[in-house]
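Next come structure tokens for two forms of one protein chain, structure 1 first, structure 2 second.
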Structure 1
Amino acid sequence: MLQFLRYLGQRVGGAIATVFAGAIAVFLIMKAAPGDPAMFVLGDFATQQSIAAFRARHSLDQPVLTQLWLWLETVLAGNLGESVSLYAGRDIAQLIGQRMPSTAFLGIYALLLALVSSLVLGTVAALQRGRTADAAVTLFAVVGISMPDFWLGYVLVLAFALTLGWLPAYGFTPPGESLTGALVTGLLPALAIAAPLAAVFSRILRVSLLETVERDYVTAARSMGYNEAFIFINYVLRNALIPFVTIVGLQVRYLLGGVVVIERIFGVPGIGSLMVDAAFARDYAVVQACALTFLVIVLTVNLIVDLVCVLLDPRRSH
């Protein structure tokens, strides 16, 4: 237990340090980007006096390091600040809180679709090694990995919305308004994100299962007279899930990147679309807050994945 707590403390400490470093990196990248929020708000015909007053009001006339320190002080105090240009004066934490349910729903929806399909496809491919089913799953994995999610999104719209008319092409019903509506309107964007993920997951699971089947402890279990179903569940699948779960955690970064693009394509009012709109408006504080939110989500999921892997194999905490 002590080793597990020490391992947990190391992982949490590393995550906090990564968040701090990531926050600084995001801030500096945004400051290096061209554009001026004052020009976005005041327009091209604004006077120099009004521009200077705007920049002074929002501390944009301060040195970059001073602005960084002021922003970090605000974030550490639990306040993400206010929108400067996109939603002038609006509290950023409130904006993210309003959009978080849509993004969380879409991300979880896509992840569940990817996990369920990959567990089925990867297991079938491993059990049917060298047969037609295995070849079909391998083909799906290769094609799925090669498809950009934004391209797949347009293909799904063309096929299921414009041609067949089964699903809406644009718009999203937040889960707070209607869970059924969210499941229907979120299906196409979730599929666009889930398909490449499922391709990666199924391929990794297939390889992991085939490698685990050849382990000595599986041969020993067979020699003890256990039936194949018991051996597969308790010896093969459980150990094969360790690299599978690890890959799932690593792919969360891709999942969030897909969410940013797909939200724009399908009109989902989530954090990703907020981040893109804020970037066009040069609303630095909003972009920084959204990026920081995504970073915290990725690190939290990776921490959870590490803990799940430790539960599957306690030796990893040593």
Structure 2
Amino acid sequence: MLQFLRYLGQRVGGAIATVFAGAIAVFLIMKAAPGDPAMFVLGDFATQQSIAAFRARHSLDQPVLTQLWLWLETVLAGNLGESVSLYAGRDIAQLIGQRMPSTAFLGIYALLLALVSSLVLGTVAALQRGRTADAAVTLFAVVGISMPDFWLGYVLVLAFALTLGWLPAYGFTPPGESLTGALVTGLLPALAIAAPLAAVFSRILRVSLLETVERDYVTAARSMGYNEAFIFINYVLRNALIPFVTIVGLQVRYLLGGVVVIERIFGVPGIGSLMVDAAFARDYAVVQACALTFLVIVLTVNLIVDLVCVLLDPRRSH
């Protein structure tokens, strides 16, 4: 237990350090942008006075190191500065906080759909190795990773919304307003994100299961006369899940990329669509805060994945 806590402490500390390194990196990349940020936001026809006022208001007249410090201070305080054009003057952390539930809901929804379907598909393929079902899953895996999620989104809209009329084509009810509403309106966007992921996951699980089946401890368990279902769940699946969970964790970066485009297509008021809206409104403060938020989400998920792996395989914390 003590060992586990020490491990946890190390990992959390590392993640926090990475967030600050990320904040510095985002700031430096932003400063490498050509041109004056005030002109960029206000446009070429802005007056001298308005530019000067903008620079003073957003501390652009300070030395770069002071600006960096001010930005890190807002990260430390957790308010992430204020929006400069899209929602001028609003606290960015507040904007992100409002939109976080939608993004989190969509991401988790898609992840669950992908996990459940890949657990079924991967297991079936491994058990039916070399037969038709296995070939079908392999085919699905190859085709699945070759479909861009935003295209799949439109295909789903065409089939289930425009042709069949079962689900809405556009719009999203945030989970805070109505959970059933969110489940229904979120189904198509979640499916679009989940399908390519399910393809990757089921393929990994299949290979991982087939490797585990041949291990000595499985043969040993079989020689002790346990029934096959018991062996499969307690010996094969549990050990095969460790590499699987690691891959799932790595794919979350990919999933979040998909969320950005899909949110925009389906009108989901999440962080991804906030980032795109801010990019069009030239709101650099919101864009950099969103980039940092995505980094924080990835790090949090990585942390959870590591902990799940430790739970599955306690040797890992040593």
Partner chain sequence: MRWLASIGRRIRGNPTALAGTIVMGVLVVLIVVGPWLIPYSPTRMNYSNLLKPPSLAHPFGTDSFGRDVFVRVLYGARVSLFCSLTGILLAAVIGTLMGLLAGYFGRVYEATLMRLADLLFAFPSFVLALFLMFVFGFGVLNVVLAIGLVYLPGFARLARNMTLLVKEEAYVQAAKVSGQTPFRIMTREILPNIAPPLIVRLSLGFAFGVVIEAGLSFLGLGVQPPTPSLGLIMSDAKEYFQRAPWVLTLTGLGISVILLGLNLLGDGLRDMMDPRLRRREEA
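Rigid core (definition): largest C-alpha set, two forms, superposition within 1.5 Å. Quick note, the numbers are simply positions in structure 1, starting from 1. All of these numbers come straight from a predicted model, not from anything done at the bench.
S.K.: Could you point me to the form predicted on its own, 1 or 2?
M.R.: Structure 1, not 2.
S.K.: After the core is matched up, is the C-alpha of S146 off by 2 Å or more between the two structures?
M.R.: No, S146 moves less than 2 Å.
S.K.: Is the shift of G43 between the two structures large enough to count as movement, that is, does its C-alpha move by 2 Å or more after the core is superposed?
M.R.: Shift at G43: 2 Å or more after core fit.
S.K.: Relative to the superposed rigid core, does the CA atom of T18 travel 2 Å or more between the two structures?
M.R.: Where the cores coincide, T18 still shows a C-alpha shift between the two structures that is 2 Å or more.
S.K.: Give me the C-alpha shift of A33 between the two structures, core superposed, in Å.
M.R.: Comparing the two forms, A33 shifts 4.5 Å at C-alpha.
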